[in-house]
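To begin, one chain is listed below as structure tokens, in the form predicted alone.
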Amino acid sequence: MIPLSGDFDNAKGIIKEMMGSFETLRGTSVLKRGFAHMLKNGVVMDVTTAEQAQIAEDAGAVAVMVLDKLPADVRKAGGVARTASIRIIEEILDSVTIPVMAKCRIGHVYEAKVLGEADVDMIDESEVLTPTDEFHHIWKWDFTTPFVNGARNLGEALRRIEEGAAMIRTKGEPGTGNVAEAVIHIKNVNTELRRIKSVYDAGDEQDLVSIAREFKVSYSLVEETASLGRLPVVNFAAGGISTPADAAYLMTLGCDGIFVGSGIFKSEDAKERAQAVVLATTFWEDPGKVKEAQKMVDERQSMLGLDTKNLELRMQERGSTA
């Protein structure tokens, strides 16, 4: 059963259509969150070309995320990072059979509208691109296409869900090849989930009200999340994942799947690494399988990686005030 915590009745993104004598609905929470559930235990890979998308599909990725530049290249290039070329998105849509996602800037409603018109399967309102609004995210209930958003803690995750996000991912620190921040974020979420679960189990409604105020979300969303003991939507890990062991470790921390980009295509063994990360994510409970996946990659061919403590640009902090 798909939890519908934070659902928004009569959202503008819900479209009613007639198929003969039957009325159908598109854009409901069940469909949006259900799509995200279909990706569980899988890997979504960032790609910039149809060739990379084909490598991802051949490796077993459950979806691809289209960008103009990989996060590592966005970090190096500087300037303003915008949504990917529609031409490239359409080429990738035509070249693969798996779902295709694409990123828009935080708060950029019209980039999201254009991506919806391009028929992408999911929109990522992403801190990897340059935000257009540091204080407001897109009201995602107005869209038929499902959204994924990043979060560093439970409060951020619940605010994005209340805005209509059908999927959450840890922000990590994209384009670094350093998984440390992604680990911190999922542990933050888990710690806060245990906290609200204990309050709920103790029957302390007054404390739950205080937590809802602290998180700046509705009481009902906090209450149902606490009762579940997990987020009411699928939660993937992202940011700095570059080895099979990275992916498996994050799965052990309770993530439902993995987003990876620069760690694959900024390495010298992209095909093998893509296959290895998929293998480790799928069989994360089997250390023997993960060992075999780790043997498929050569650390000397990994992306160099960056020390996250000394970065001038910390993408994870973009949009965090909203």
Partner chain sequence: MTGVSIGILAVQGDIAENLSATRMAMDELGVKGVVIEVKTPEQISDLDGLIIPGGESTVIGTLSLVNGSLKKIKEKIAFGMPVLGTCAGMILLSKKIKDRIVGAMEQPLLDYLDIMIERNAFGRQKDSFEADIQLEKIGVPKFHGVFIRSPSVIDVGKDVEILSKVNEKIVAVKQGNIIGTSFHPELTADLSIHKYFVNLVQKKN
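Positions refer to the first chain, counted from 1. Quick caveat: nothing in here was measured; it's all calculated off a predicted structure.
Separately, the form predicted in complex with the partner chain exists; it is not shown, and the next lines address it.
Exercise for review: Choose from 149-157, 242-250, 90-98, 75-83 the stretch whose residues reach within 4.5 Å of the partner chain in the model of the complex, heavy atoms counted.
Suggested key: Of the options given, it is 90-98.
Exercise for review: Using a 4.5 Å heavy atom cut-off, state whether residue 39 contacts the partner chain in the model of the complex.
Suggested key: Result yes; residue 39 sits at the interface with the partner chain in the model of the complex.
Check your understanding: With the cut-off set at 4.5 Å between non-hydrogen atoms, does residue 53 touch the partner chain in the model of the complex?
Key -> No.
Review point. Residue 34: heavy atom within 4.5 Å of the partner chain in the model of the complex?
Key: Answer yes; at least one heavy atom of residue 34 falls within 4.5 Å of the partner chain in the model of the complex.
Check your understanding: At the 4.5 Å heavy atom threshold, is residue 292 in contact with the partner chain in the model of the complex?
Key -> Outside the cut-off, so no.
Review point. 163, 121, 223, 142: which sits within 4.5 Å of the partner chain in the model of the complex by any heavy atom?
Key: Looking at the other structure, the residue within range turns out to be 121.
Check your understanding: Between the options 255, 279, 297, 67, which residue brings a heavy atom to within 4.5 Å of the partner chain in the model of the complex?
Key -> Looking at the other structure, the residue within range turns out to be 279.
Check your understanding: Is it the case that 229, 287 and 321 all touch the partner chain in the model of the complex, with a non-hydrogen atom of each within 4.5 angstroms?
Key -> No.
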